[in-house]
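Consider the single chain below, provided in structure tokens and representing the form predicted on its own.
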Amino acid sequence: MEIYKHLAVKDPDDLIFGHSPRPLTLPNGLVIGGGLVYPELNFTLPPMSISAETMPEIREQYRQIIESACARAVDLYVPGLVVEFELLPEMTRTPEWGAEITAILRDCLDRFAQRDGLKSALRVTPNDIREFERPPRMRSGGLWDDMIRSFELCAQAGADLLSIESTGGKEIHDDAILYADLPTVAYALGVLGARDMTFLWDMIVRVGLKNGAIPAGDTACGFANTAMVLAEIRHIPRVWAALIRVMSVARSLVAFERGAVGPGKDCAYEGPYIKAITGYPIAMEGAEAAVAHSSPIGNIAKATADLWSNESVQNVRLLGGAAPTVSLEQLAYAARLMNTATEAGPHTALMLRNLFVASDTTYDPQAYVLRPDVVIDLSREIIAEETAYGRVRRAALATAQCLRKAHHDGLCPLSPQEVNWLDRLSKQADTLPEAEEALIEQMKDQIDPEKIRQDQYGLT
């Protein structure tokens, strides 16, 4: 287990796209974080039922998607390609189905590598199906067994990278977002989520080592991205979503402490913090992810990306062709621009990175907390603590102070309503106890036992 007490990236100018202190080299020679940004294409099915009867059609859809995308990647002279297969819940609950699709994708990638020299990697992300039982059983039961089996079979079928969008603690986090309940968010992320990540990622690392797959990384998508989407439709304050984003770092960091080595997951917008702390490469998404969801961080997300992703796109027809192929082209051109800037020299690359940053940061606090200098400063605060809860607490306090100063200095102006919310949330952060045990005791009478099995997190 690795405990991070020092930053891997100390200078904000070194936190830049395509470069990681600890690049990942795959057996085929593809180096992620070694100087180039590669597109990471993510795709899914159009609306349809998933069953044994429809599996022949589903297999054919995935064959068509990957064949077309790889052919376009060759036509565009893409220097490397990462493909992510996010299993739908039914494909995880029947692990053999997910493994079948993994094998189809693996076969196509291998053929294009042999015929056209296309270097590639396949990330496979089983679904966290544990949440389909209420309250969720996080460490045992049939859904847990199916999920483990899914990781194993997909790794054996040819996955290079293993990831997940895990949901431990989400049972109480969703309501806490809507009620602006900062102590419960801190409990969900720093106590429940961190404990679940430890248990879950010990399993994923074991499966990866046993089957020759790389444990890549997790994401706080179900937490921080839920807040981002709610802020985008004005159901919660934007400063609240920004606070949750930085508070989620400690939870995602657990995967790397347990053995993950990147690249981090695309929808983990906390990725720049992970890169600054661990030095491992990350995937990011932004403008080209509008096919899946809107966000206020379309350009700044490119500033630190080693893989540039589209989040996910359905296999539907557009005027330009199949939507996944169109997305691949958009990603390829975005990555090409970043790589061209890198080839022109450090000054040009840094100029482009700074333009990505400047184009977003004044418009939204969620963008501001992704500024490289802010990421470095807040990352240093986070790792000053040794426990996940301590890091979540420190993140809340430091981020609130950071946003208040940014507003005062005119770097990220906030509306009067947002300022009021920042004051209210700051007062809640100030009340967080320093000791994790004190928060656990405080939350005992507030947690609805109908929503959560605390014993599944090692708590009584």
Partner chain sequence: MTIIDELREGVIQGQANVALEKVKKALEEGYAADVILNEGLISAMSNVGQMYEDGVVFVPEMLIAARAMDKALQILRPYLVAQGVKPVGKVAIGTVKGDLHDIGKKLVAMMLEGSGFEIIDLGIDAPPEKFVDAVQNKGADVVALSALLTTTMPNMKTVVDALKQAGVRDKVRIIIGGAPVNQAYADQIGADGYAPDASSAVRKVREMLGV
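Quick caveat, the model's predicted, so the values are computed rather than measured. Numbering follows the first chain given and starts at 1.
Only in words, not in the display: the form predicted in complex with the partner chain, which the text now covers.
Between the options D175, D202, D373, D107, the residue in contact with the partner chain in the predicted complex by a heavy atom within 4.5 angstroms is D175. For the candidate set A103, L350, A71, L88, a heavy atom within 4.5 Å of the partner chain in the predicted complex is found for exactly one residue, namely L88.
The closest heavy atom approach of G410 to the partner chain in the predicted complex falls outside 4.5 Å. Contact check for Y77: every heavy atom lies farther than 4.5 Å from the partner chain in the predicted complex. Within 4.5 Å of some heavy atom of the partner chain in the predicted complex lies at least one heavy atom of P237. Heavy atoms of F132 reach within 4.5 Å of the partner chain in the predicted complex, making it an interface residue. The stretch among 148-156, 353-361, 223-231, 113-121 whose residues place heavy atoms within 4.5 Å of the partner chain in the predicted complex is 223-231. Contacts with the partner chain in the predicted complex, taken as any heavy atom within 4.5 Å, map within 395-430 to Q417, E418, W421, R424.
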